[in-house]
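Taking the form predicted alone, here's one chain by itself in structure tokens.
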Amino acid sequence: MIAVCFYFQVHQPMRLDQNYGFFDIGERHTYLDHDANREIVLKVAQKCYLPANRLMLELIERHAGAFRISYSITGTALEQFEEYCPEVLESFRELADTGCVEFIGETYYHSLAYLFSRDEFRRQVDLHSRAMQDLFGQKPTTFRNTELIYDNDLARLVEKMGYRTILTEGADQVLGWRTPNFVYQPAGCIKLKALLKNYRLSDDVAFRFSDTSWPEHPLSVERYASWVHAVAGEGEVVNLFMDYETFGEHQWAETGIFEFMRALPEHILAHPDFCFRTPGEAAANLSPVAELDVPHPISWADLERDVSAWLGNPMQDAAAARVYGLEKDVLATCDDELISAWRELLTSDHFYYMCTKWFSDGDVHKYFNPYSTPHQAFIVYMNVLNDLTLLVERQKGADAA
């Protein structure tokens, strides 16, 4: 049987107050734009999370458990659901109760911690794992790093942490002539298995579905199912990884995306050699066909499929160096509020907003970006970080006294 794996990323960052200025440093210690965060979460809940969750539950019930999916929900999203829209959290619990949904581990704050601090990376992964157990009754055994950032060292680290499966991008520069439609063995690992995103089939839904200039528009469910079925004889697993906001937000309901998804499982299952599996199930039932050697970090972002969406320009690098350089001192305060505020600044979106890559993928960087320019994002971020640094230094001084 050829497994079709649907994986959905669910993430909302804690957005900073755009009006936090230079003269607020040392005077005002509230950093988040709660009104904007509430407005966006409620809007996306109505357009995506609630109707999409109802649809997924309907499909699971209609197909008597033959339809199976997976989610990675960040801690920052979970906290905002709990505060602003608890019915979203409850709808994910309903999905968990079906036994047909796998919840995947990641960094709680959707951070770049792996690239800067392995200790903080482990702490955030543990925080996220405990949240999955507390909220959904599952201890994750499949892992996906923030934005599918991956390399050989990450795989070895994750294996030592007890995970059995890891997800990443089926990047051309890694695969070459090979296909993402098999399970691979991460280099240097013994038990860990890697599932690679089939970015062409994933992006047909996530990005191209409503693009009227795309030659395949409008995409019919019959045609898409035929593309998936074409993997028969040339692969063992089809990994369809995408943002959950694909349904209703990136692709509005008016495009027909919900109707497309509602009909898709039936058309996939019409082929007797195809089934749906969660990533953990697919990896457990399939053997690796080859080693996956990724010496340098890759991701699922942009045309380059590297980490240049978050790091590489002077603003991004300066901000990252400053905030991760604060780790030892902020943790030494043992102040939960300061530590939480610091970790909220680690969320990868803050660095994404500072990106100066405005090529064919520029619209991606503008989506949900509250800033008019990358420079504005940098200034606000550094103002907040400077205030947080002052608070940490005051705490250190008080402890020394």
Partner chain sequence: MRALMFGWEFPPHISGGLGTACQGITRGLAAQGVDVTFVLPRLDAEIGGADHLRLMGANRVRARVGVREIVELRERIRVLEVLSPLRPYLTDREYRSLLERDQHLTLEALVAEVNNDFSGGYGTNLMEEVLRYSIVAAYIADVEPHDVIHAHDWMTYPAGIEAKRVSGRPLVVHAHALEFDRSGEHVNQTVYDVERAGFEAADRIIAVSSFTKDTIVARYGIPPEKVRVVHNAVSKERRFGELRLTRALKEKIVLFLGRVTFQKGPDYFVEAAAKVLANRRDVRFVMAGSGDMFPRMVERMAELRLEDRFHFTGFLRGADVERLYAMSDLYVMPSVSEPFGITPLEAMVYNVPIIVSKQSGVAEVLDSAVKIDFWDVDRLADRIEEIISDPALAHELAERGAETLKNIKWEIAGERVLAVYRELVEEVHR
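Residue numbers count along the first chain shown, from 1. Predicted model only: the values in this text are computed from it and were never measured.
Although it is not shown, the form predicted together with the partner chain is what the next lines describe.
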(request) Given the partner chain in the model of the complex, answer whether the residues 22, 322 and 390 all have a heavy atom inside 4.5 Å of it. (result) yes
(request) Give a yes/no on whether residue 228 approaches the partner chain to within 4.5 Å in the model of the complex, heavy atoms considered. (result) no
(message) Contact with the partner chain in the model of the complex for residue 61, defined as at least one heavy atom pair within 4.5 Å: yes or no?
(response) no
(message) At 4.5 Å between heavy atoms, is residue 43 in contact with the partner chain in the model of the complex?
(response) no
(message) Is residue 201 near the partner chain? Define near as a heavy atom within 4.5 Å, in the model of the complex.
(response) no
(request) Would you mind picking the one in 126, 317, 153, 211 that has a heavy atom within 4.5 Å of the partner chain in the model of the complex? (result) 317
(message) I need the one stretch from 23-31, 64-72, 45-53, 335-343 whose residues put non-hydrogen atoms within 4.5 angstroms of the partner chain in the model of the complex.
(response) 23-31
